[in-house]
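The chain that follows stands alone, in the form predicted on its own, written as structure tokens.
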């Protein structure tokens, strides 16, 4: 079949890379894609928000499977329109994607179904939210309700910081309509882990767990980003903990969505914090995570397209998914200044000394003539596998000097806690 992967990040490059290994596939398209997907697929230059043109193009190409990568098209109902056009699509409906597109919706459904999450409240009034913060213990978490590209959450250590975040969201409109509502929650303490799972609306199969790094600088300092690196598996999160999260959180939320009349079909990303009281939900995402996907898919031994089709057809219970025991580490290289202002159009050079089994998954990178230049904040993710996390991590970092662009920045402590 022909497969269309929608998106232009490193996540989509990793998806194309894995899909290209499927025996079920004889053609791949990426829309709009990037410099990396262009080496494996045919890039199609249609804007992500022009959904009617995307659906029409997919029909013209005879696409047998569409895979929606980013959250914004899912929140806009792209999967629903693919289904209406009779094109099989991997990605939840607009109604199901509310688990990510509305933090207040996710919070409400968790509370109604006794799914463990942080205590807190939702506000549409700036003054009421401001007053609420004044009576809360610190630190406190302030979240824009809607989609904010991973940057709409502030963990405030002081009342001034919390009020500043609230003002930015609701008054300055830093995230536009995503700030029409704000969710204010207690700050949960514990180790964080990302557990992604396939769901066909009834059945659930978890993937291998991963950990990501949101802050831009080493030691978890600086502003939040879309993610500066990731690794899998985390040593502190064993198989029993995976089972606990599946039973306490993932299966109940999938059942609750079905009961709501919005069955969840696709990948459900659950951000978990392991508190002293057990696992609690930090967030849901309605798609593959980025940068987690870049370290999870290299460990997947089963055919990803076969899994996706079983999800669409409601036959996930018939699947046996195999994973490598190898560890994988991934480091994001970003443009200098990200997540603030940064330059684009800077040439990217890669030395012939780069080890052959090291993967580069491009994100903010575009073709220019015979070369590749930067076109975004997070430029690429470098990943490597190894028999141990120490081996995987060492391989990534010894290859970082072979990839260069002016002003490049990356964290040097990804997965360090696993080997120190």
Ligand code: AMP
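What you see is a predicted model; the values in this text were computed from it and never measured. Residue numbers count along the first chain shown, from 1.
There is another form of this protein, the form predicted in complex with the ligand, and it is not shown here; the text below is about that form.
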If contact means any heavy atom within 4.5 Å, which of 303-311, 82-90, 281-289, 259-267 contacts the ligand in the predicted bound form?
281-289
Looking at 316, 253, 153, 197 here, can you tell me which has any non-hydrogen atom within 4.5 angstroms of the ligand in the predicted bound form?
153
Go through 218, 180, 192, 108 and name the one with a heavy atom inside 4.5 Å of the ligand in the predicted bound form.
192
How about residue 214 - does it come within 4.5 Å of the ligand in the predicted bound form, if we only consider non-hydrogen atoms?
yes
With a 4.5 Å heavy atom cut-off, would you call residue 188 a contact of the ligand in the predicted bound form?
yes
Can any non-hydrogen atom of residue 273 be found within 4.5 angstroms of the ligand in the predicted bound form?
yes
Do residue 205 and the ligand come within 4.5 Å of each other in the predicted bound form, heavy atoms counted?
no
